[in-house]
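Only one chain is included here, represented as structure tokens and corresponding to the form predicted on its own.
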Amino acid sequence: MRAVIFGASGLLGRSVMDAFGDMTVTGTAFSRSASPLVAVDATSADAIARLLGRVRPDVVVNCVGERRPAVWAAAPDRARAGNVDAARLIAEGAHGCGARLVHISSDYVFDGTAPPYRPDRLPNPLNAYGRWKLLAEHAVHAACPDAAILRLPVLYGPVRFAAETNLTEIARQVGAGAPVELDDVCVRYPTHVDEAAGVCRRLAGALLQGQRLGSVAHWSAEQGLTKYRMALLIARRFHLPAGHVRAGAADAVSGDRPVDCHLDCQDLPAALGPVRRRLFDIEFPPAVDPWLTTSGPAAGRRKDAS
């Protein structure tokens, strides 16, 4: 069996590469390409066709996407291309070579006013990212009707730079000690990236075996936390002061961040069998520990509070 993972240099893509380790895997990247990843521009139909024609994969996973708000604002055309155009072109390529496709989407397609959200609920995104993700879903359905779309919430895990996850950015703010206000209204469901990648692999396996699944699937952790509550957990776990961290409502007041996009995930275990849940309280310390100082992971590690 052969798999192609588009966007394999990112947080989720790296874990998906590992999760598909029982296959012959080809991972792609663009701006961060380095061996063994293959440099492919996912907004180029020709580049995608050349790769898929050479590899002839049985399954394709699309992890390409830009989630960082700073990039949306600074380069909206580039962000849209990475989130929408790439999704359409990858779906067309997968369909053309007869591969099964798993496309990664987001809980931000919902407005967060009436959770939990089942896969068949009508989306209503509030911001550009959510709108792009919804447009990408429509494009994938049109180009590759038998694709599986997997919606995920915010992810955390081993990162290569602090801004790669919200959680590690919050850890830097806790460790820095400078006054900071963090939203205590909008609820996130931080999910370990390896758990999400494992679900992606099992979903792909079901598709390859001809199992009939719904076109959209949800997966998410069950524990909901605001950014402020995450900061307090980090401070408590590592015995750090938290007086400089204040509770605020900036994300909610902006009007473009959903308050609670909790995903209803009961369909996937019913279809795939039990899924191992990773507990946030156990899994988050190794992910944030290297980022509790401004000098980052090269600095000495904090004393473990266990």
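In case it trips you up, residue 1 is the first one in the sequence shown, and so on. Bear in mind that the values here come from a model prediction, so they are computed numbers and not experimental data.
The form predicted together with a small molecule exists for this protein as well; it is not shown, and the discussion that follows is about that form.
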- Message: Can you work out which of 199, 147, 234, 104 has a heavy atom no more than 4.5 Å from the small molecule in the model of the complex?
- Response: 104
- Task: Verify the contact flag for residue 293: yes if a non-hydrogen atom of it lies within 4.5 Å of a non-hydrogen atom of the small molecule in the model of the complex, no if not.
- Result: no
- Proximity of residue 59 to the small molecule in the model of the complex, heavy atoms at 4.5 Å: no
- So in the model of the complex, does residue 3 come within 4.5 Å of the small molecule, heavy atom to heavy atom? no
- Message: residue 154 versus the small molecule, in the model of the complex: is there a non-hydrogen atom within 4.5 Å?
- Response: yes
- Message: Looking at heavy atoms inside 4.5 Å, which stretch does the small molecule contact in the model of the complex, given the options 276-284, 42-50, 253-261, 234-242?
- Response: 42-50
